[in-house]
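Next up: a single chain in structure tokens, the form predicted on its own.
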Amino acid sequence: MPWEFAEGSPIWRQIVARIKAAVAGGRLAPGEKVASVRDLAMEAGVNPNTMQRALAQLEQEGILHTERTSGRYVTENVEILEGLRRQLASEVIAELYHQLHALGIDDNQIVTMVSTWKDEN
């Protein structure tokens, strides 16, 4: 089944975000071989050029690397992987923070609410 993409954002960027989340969340393990451009494009239901652009961006960021004769792999660089997790976590926290502020909740209440939620769950 093709991947679902949102309107208003380039598909290649959404692919980048999806693969980053898979790497950060461990669904793509460090050192794991990534499927070919053609296979990923078929799975996602996109043009291979779109998938190639996304994978090239991930390589440029150091999240993936290519070994000439055997394909693309997830980096094993711990600093890059930890940086990716911190970046994605920061984005989630920022979104939560802005949504809670939009509800009229101040900073102290946010901290209390998150702490209480953590303790209860």
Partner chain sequence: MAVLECKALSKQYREIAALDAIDLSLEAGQIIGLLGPNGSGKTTLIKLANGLIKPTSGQILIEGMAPCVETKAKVAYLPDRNFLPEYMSTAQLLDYYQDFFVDFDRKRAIDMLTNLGLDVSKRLKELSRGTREKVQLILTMSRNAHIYLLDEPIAGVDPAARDYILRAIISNYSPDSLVLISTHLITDIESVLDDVIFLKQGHMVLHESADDLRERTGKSVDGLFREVFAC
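Numbering follows the first chain given and starts at 1. Given the structure is predicted, the values throughout are model-derived calculations rather than measurements.
Note that the form predicted in complex with its partner chain isn't included here; everything after this is about it.
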Per-stretch contact check against its partner chain in the predicted bound form, the hit in 34 to 42, 62 to 70, 91 to 99, 77 to 85 (non-hydrogen atom, 4.5 angstroms): 34 to 42
In the predicted bound form, Val46 touching its partner chain (heavy atom, 4.5 Å): yes
Its partner chain contact in the predicted bound form: Ser9, any heavy atom under 4.5 Å: yes
Arg13 within 4.5 Å of its partner chain in the predicted bound form, heavy atoms: yes
